[in-house]
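Here's a solo chain for you in structure tokens, the form predicted alone.
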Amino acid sequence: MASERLEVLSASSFSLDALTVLFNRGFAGYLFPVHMTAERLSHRIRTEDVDLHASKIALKDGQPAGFALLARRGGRSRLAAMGVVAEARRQGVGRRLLEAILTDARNRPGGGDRELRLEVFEDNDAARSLYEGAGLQILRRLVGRTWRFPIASPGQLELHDTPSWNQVVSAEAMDLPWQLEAETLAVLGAPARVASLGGKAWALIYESSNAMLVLRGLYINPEHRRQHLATQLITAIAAMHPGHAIHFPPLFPESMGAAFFEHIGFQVDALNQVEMGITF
């Protein structure tokens, strides 16, 4: 059987360059083009708390066939990325990797993890079927939103480094996906930056291209909500980046700020995710 030729090892035995090559091979032919560099992968490992010792590499006949990157915070874990090289797909590699990740999570020293979560694109039927077959359940839908022709209105913005984000939002308990948690956003580093409007409204600007400005967070101090500050903040950011659409990636729970986003002109993207999880 194909599974008998599979060996699963800790990802810590692979170099960053080897992991990068395997990452790109594992995502060949994905829903959209993926090109990971060693620098970007290192950044993801650091900011998302990926544990390479707990992460897995599958070898088929001695050759790398797939990978599963696992992030850990306290008693929680997240499958940060999983991929199988094209020539080894539909041969049980992904199932074997997932089994190894779940077995470790259940049996980790000190009582095991409390839960494991992941995000998967809605249109990735094969991955969703794999996860559902292993007992994970859909928790919520995560959507991306884009304002293609934002209104620009200059405002008095202050720019800060990303650790300030944690100082602003950490006092308020919020159930957010892993990539939006304060622990992730606070260590993104440059070129990510935080823009604030009078110390009352805050946005985390993640990256920009010639046509798109990506935001990874929007937060209004509780005592200043319902004062249209979110609109003022976003339009002031648009004024600083003329010609850019404003984009929130598909990491945000569908219900979060839905009425606000619709009111000012954001549209839900075509490619969205679901967050799935299992408790132990």
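Just so it is clear, the structure is predicted and the values come from calculations on it, not from any experiment. The numbering used is simple: start at 1 and walk along the sequence shown.
Omitted here: the form predicted in complex with a small molecule. The next part is about that form.
* Pick from 139-147, 75-83, 158-166, 182-190: which stretch has a heavy atom within 4.5 Å of the small molecule in the predicted complex? -> That would be 75-83.
* Of the residues Arg95, Lys200, Arg117, Arg108, which one places a heavy atom within 4.5 Å of the small molecule in the predicted complex? -> Flagged contact: Arg95.
* Of Ser153, Ser129, Ser208, Thr103, the one that lies within 4.5 Å of the small molecule in the predicted complex (heavy atoms) -> Exactly one residue meets the criterion: Ser129.
* Pro250, heavy atom within 4.5 angstroms of the small molecule in the predicted complex -> It does not: once the small molecule is placed as it appears in the predicted complex, Pro250 has no heavy atom within 4.5 Å of it.
* To do: Using the partner position in the predicted complex, report whether Ser196 sits within 4.5 Å of the small molecule, counting heavy atoms only.
  => It does not: once the small molecule is placed as it appears in the predicted complex, Ser196 has no heavy atom within 4.5 Å of it.
* **Contact test in the predicted complex: Gly217 vs the small molecule, heavy atoms, 4.5 Å** => Contact check for Gly217: no, nothing within 4.5 Å of the small molecule in the predicted complex.
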